[in-house]
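What follows are C-alpha cells for two forms of the same protein chain, given separately as structure 1 and structure 2.
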Structure 1
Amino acid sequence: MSVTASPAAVRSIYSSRSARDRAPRPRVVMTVRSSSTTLSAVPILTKLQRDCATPLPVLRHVADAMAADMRAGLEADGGSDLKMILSYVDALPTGNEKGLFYALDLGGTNFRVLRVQLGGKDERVVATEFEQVCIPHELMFGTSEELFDFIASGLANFAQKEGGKFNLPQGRTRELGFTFSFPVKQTSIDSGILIKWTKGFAVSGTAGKDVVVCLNEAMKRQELNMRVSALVNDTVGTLAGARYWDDDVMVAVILGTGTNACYVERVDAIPKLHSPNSTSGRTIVNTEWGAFSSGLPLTEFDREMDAESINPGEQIFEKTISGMYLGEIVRRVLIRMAEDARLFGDSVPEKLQMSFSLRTPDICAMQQDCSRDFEIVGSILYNVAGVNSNSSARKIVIDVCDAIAKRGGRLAGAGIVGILQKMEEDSKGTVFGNRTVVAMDGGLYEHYPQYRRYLQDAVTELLGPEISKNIVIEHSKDGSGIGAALLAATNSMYGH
C-alpha cells in the first residue's frame, strides 16, 4: 500500500509559515525596467501555456486512459501503472456504530492519536479528542521495537486521560483503527506486511513483518488494553469518514502534498481477487493514482524536475497535480525567464536557484493578489527570491502560476471522471443517473480556490451540464482520522 500522502504530509504543505513569512513584509521597492525585458519573457510564457493546455480532447483522453488503467490493474497485479490495491474493507460505516474507538495515524515525522465516542443513529459522534506526538529523529533510524514501543507509549499516555464523555464498557478491549501510510502488502482488514520504509525512515527489523503484529505486541509490552481492528490508508479513511455522514459517497480523493484516490468497487469486477469473501459484495480499492502517466501534457520543466527527482519516471501524475510539486515547476519556469529574458534583472537570483524554495502556498497566495501593482506578489518574490520586481514582471509570474495550477486542477478533474466513468460502465447507469459524492481532502484542494475551480470546471466539461448536476464534489476536512476509528467500529469484534 504505497501511500503518497498521509494526513500529516497533506497538512505540511500548508503548515504554519516559516519565520521569513511571519516577519513583516518589506515595503517593495518598484524597479522599473524597460518593457523589452518583460516582453522577452512572453514567448516563454506562451510556450508554457501551449504545452500545459488541457482542452476537452486532452481531458477525454486522460479520463479514458485512467479508466482503462484501472481495469488493467484489477485484472492482475502489475497489469498497469495503477496498483489497484485491495483494502479488504467490505463494510462501511452506517451510523449505527456505538461505543468508544481509537485511531492512530502514522505517516510522517509526527503521529496522531484520536478517540471518538459514537452514539448510534441518534447521537452520531458524541465527542472526539486527539493529540499529536513528534517522533524523535533517532527513532527514525532505530529498531522496529524502539519505534513501536514509543508509539505504544504515546497511545498509553493518551488512553490514561480517557474520561468524561468517553466510556469503555467494563471488560472490553479498546479497538483501534491504524492509518499506516507506508508501502504495505495488505493481507486482511487487520494485517499488512511492510514492503519498505519511505519518507526518511530507515527503521531496522520491520520490513517483511506485519505492522499490526508489531503494534499489538508493543501495546502488550506497555500493558495497554488495546488491539488493532482495522489497518487502512489515509484515502480509505477519508472515504469511510465521509460515508458515515452521507451514504452517497463513492469516491475519495486526497490532494495535498501528495495525492491518491480510492473508490467503492464491486467484488465481481475484480478478476485478480480469486476467492471473493465479501458479505456486502463490495470493497474499497486504493488506486494509487499518483503513478498514472498516460497522455499527460508535460513540459520541459516537468521532465527536468522528474529527471532530478529521487524517483525518475515514477509518480508522473502526482508530480503534475499535487502540492509538493506545483511550486517547484513554477520556480523552474521563473529561473528560465530570469536566465533567458532577464525578468529579474541582470543576474539570476541566488535564492530562487534553490530547489523547492518556492512552495505551492506561495503560488496560491500570489494568485489571490488583486492589488493594483500586485504588491503581495512583490513581497513573496522578495522573500523567496530576494529581488525587487515591477508590476509587469509580477503579472508574468501570476500567469505562470495560473498555467501550472490550471493544468493540475483540470487533470485532477479528468482523473476523477475516469474513476466515475469506470464505475458507470460496470454499474450500467447507476452512477451518473443518481447523486454520487466524491469526498475531497488535503490542503491543496482546501486552500487553493483557483485549483478547486479548475477541477470542478473539468468535471463539468467532461460530463456535461446535466450529468454533472448529479456528481457532488465535497470537501471532507481531516476525515481520514475519524474514518479509521469508524472502520475499527465497523470491524469491531463486539459488533455494533
Structure 2
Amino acid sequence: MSVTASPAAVRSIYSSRSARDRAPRPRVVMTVRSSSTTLSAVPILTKLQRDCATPLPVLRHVADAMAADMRAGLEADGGSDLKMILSYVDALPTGNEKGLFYALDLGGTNFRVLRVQLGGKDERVVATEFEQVCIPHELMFGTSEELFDFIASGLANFAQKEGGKFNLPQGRTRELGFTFSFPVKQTSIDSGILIKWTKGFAVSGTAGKDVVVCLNEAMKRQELNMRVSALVNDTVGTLAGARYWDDDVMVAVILGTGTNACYVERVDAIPKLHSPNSTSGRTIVNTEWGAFSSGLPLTEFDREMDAESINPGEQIFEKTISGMYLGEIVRRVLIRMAEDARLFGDSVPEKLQMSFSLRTPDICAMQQDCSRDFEIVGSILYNVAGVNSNSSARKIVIDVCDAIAKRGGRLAGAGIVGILQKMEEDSKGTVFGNRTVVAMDGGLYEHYPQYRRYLQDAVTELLGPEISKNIVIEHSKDGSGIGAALLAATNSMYGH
C-alpha cells in the first residue's frame, strides 16, 4: 500500500518528536499515512450522512405522500406514480382448501417450483416440496420464448417426480398458482399484461403480452398438462399465505432484490373500479410502490446510478431501499472516497470499478463485523475490491454501509405507515385500533438485522408507542409460494 498523506497531516503528528524519530520507518509512516487518508474521507462521509438523513419530518412527508399517491392511483389508471393494480383476488384462503396444487415463483435471478398437498381445516398443509433453479444470466436479456421455455422445462421436470404424499385424482389437470413478481396489469385472476420488466430483466417481446399466455404456450411445447388458475404478484402471494394462518394480516411487503407492497382494500374505495364484482366487498390491491418518488432524500450517488441504469427515472423508491441497489450505492460512495481521499491507496481499485461488484449481502456482512480490527470487512474488501485496508478505512466503510441501510430501512418503514394511514383514514379505528399484521418477506428483510431494526424504529417513531403496539410487523417466510398454491385452490376450476 503506498498512501501519501498531506504534508500538513504528517507535520501535526510528528511535531513533538525528535529528528531521529523522524527518520523514515515504514510501519510508522504507513500508520500516519493511513489515518490521514481516512481523515480526508470524513467530509465525504459526513455529507453522505447529511444527504441521506431521514429525520421524522422526512419520514412523515414520505408516509403522507405514499397515502396521497395511493388515493390518486385508485382514482384513475396513470393517476400517480403508484399503479395500484387490482389483483382480482377477492376471496382470501379460509383454511378449507384441499388437494394437490402447484406454484411457480418467478421474480429474481432464480425461479422456484412448489408442490403443495392441502388437507383442509384440520390438516392444513400436509406436505410441500420445492426446487429452485437459477436463471442463466443471458436469459434475462434474451427473448420471451427462451425464458418461458426454460421455466416450463423446469416445471415439467419437477412435475414428473410427483408421488408419495402428493395425489392428483385421476383425469384431473394439474393447477398452478403463478407468482410473477413484475408489474402486470391484471385482466382477470388468471391473465395479465406485463407493463415492464424491473430488477435488471430486459427480456424482449414480453412487455405488452399476457404472461399467462406466454407460460401456457411454453408448457404446451413441453407437453405439460398444467393450467394457470391464479396469476399473482409475490406481495399478493405473501398476503394470501400469511392470511391462511392469521386473520389479522392486512398488508404484505417484499423487501428483497426488488420491493413492493399490497394490502386489503374496500372495493367501494376504488373509484377506478367501475363495476365492483366482489362478494366479500374487498380486494387486494398491488401498489407497485417501487415506483414511488416523492420527497426522497436522494444523493448524487443515487442520481448517477439511476442515470446509468437500464430504466432511468423509474423505480426510484426501489432503487433507494431494495437489495438490488444498496450494495451498488455503497460501491459508488467508496469509489468517490478512493478517488478524492485515496481511501484504498494511490490507485482506485480496478475490481471495485465494476458496477454491482459490491452486493448487498457484502455490505450486510460487513456491518455484522464486531472484531477489533474489522477483519471481516478487510477480507470482503480484499475479495471484492482486491484492496488491503487498515482498520480506520474499514470503519469508514462500515459507516457508509450504515448510512445507506439506515435510509433504506427507515424509508421502507415510512412507506408501510403510509399504507396503514390510508387504510385508517378510510375506516377509522379498524387499523390503528385493532391488531393489524404486516407480513414481510424477501432476503433483505430476512437477512439484514440493522435494516430490519431501522424499519421498525421508523414505524414506531411515526405512529407513537400506543398505536405501534397494535401494528405487528412479522416475517412470513416463503409465504408467497404457498400463498400462490392456495389461491390456485381458491380459484380451482374443480371448486374446492
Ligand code: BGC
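Quantities reported herein were computed from a predicted structural model and do not represent experimental measurements. One-based numbering along structure 1's sequence throughout. Note that the rigid core is defined as the largest set of C-alphas that superpose within 1.5 Å between two forms.
- As summarised for this chain, the first structure is the form predicted alone, and the second is not.
- Shown in the overlay between structure 1 and structure 2, fitted on the rigid core, is a CA shift at Ser181 of 2 Å or greater.
- After superposition on the rigid core, the Cα of Gly386 moves by less than 2 Å between structure 1 and structure 2.
- With a cut-off of 2 Å and the rigid core superposed, Gly345 has a Cα displacement that falls short of the cut-off between structure 1 and structure 2.
- A C-alpha shift of 8.5 Å is found for Gly142 between structure 1 and structure 2, based on superposition of the rigid core.
- Here Gly108 exhibits a Cα shift of 5.1 Å between structure 1 and structure 2, evaluated on the superposed rigid core.
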